[in-house]
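First, one chain by itself in structure tokens, the form predicted on its own.
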């Protein structure tokens, strides 16, 4: 039973994700987490002000249930089904992160320099706010988030998702190699 407390290997989790995507395709659904923000805004009445939010949100109830299930499942996994061990990171990556000022690399599950609420400073808050706005804008502008394009879009063989995923990787490389060293 200890297997449930360990990270699942790609050859288990990958086919499970593929099976879910297959089921969604078979019932004619397109999965996407970021599309739930549009649905929630519509439920809250945003359609009264902006045409983008005027649609029948009830057709997306299943997607909201998936999002709620994801949050609940994540909480259960984090609090009841994990052994609180740190993520096994390559020693070269740990060394590079240490050089960038992340002393917690390889010692904690998340970098405490960014996510420790006891050590939250103005620089971290500004970075988190700007990062959140850019991710939200990018997801809306690209017609979906990284998981929506990479998992759902590619499984539907959408060319736009392939282009978006290539753009995500190029953007990630630019961020890690050019912008990240300037920020930290």
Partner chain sequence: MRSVIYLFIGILFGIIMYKSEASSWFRIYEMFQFKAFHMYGIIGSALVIGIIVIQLIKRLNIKSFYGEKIHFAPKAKSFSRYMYGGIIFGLGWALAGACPGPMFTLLGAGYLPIIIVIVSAVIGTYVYGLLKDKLPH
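Positions refer to the first chain, counted from 1. The model shown is predicted, which means the values in this text are computed figures rather than measured ones. Here, rigid core means the biggest group of C-alpha atoms that superpose within 1.5 Å across both forms.
Below, we turn to the form predicted together with the partner chain, even though it does not appear here.
Shown alone here, residue 57 lies farther than 4.5 Å from the partner chain in the predicted bound form, counting heavy atoms only. The partner chain in the predicted bound form comes within 4.5 Å of no heavy atom belonging to residue 101. Residues 128, 129, 130, 131, 132, 133, 134, 135, 136, 137, 138, 139, 140, 141, 142, 143, 145, 146, 148, 149, 150, 151, 152, 153, 154, 155, 156, 157, 158, 160, 161, 163, 164, 166 are the ones in 128-166 with at least one heavy atom within 4.5 Å of the partner chain in the predicted bound form, listed in sequence order. Residue displacement note: residue 165 has its CA displaced by under 2 Å between the shown form and the other one (rigid core superposed). In the core-superposed comparison between the shown form and the other one, the C-alpha atom of residue 141 has shifted by less than 2 angstroms. Once both forms are fitted on their core, the CA shift for residue 35 between the shown form and the other one remains under 2 Å.
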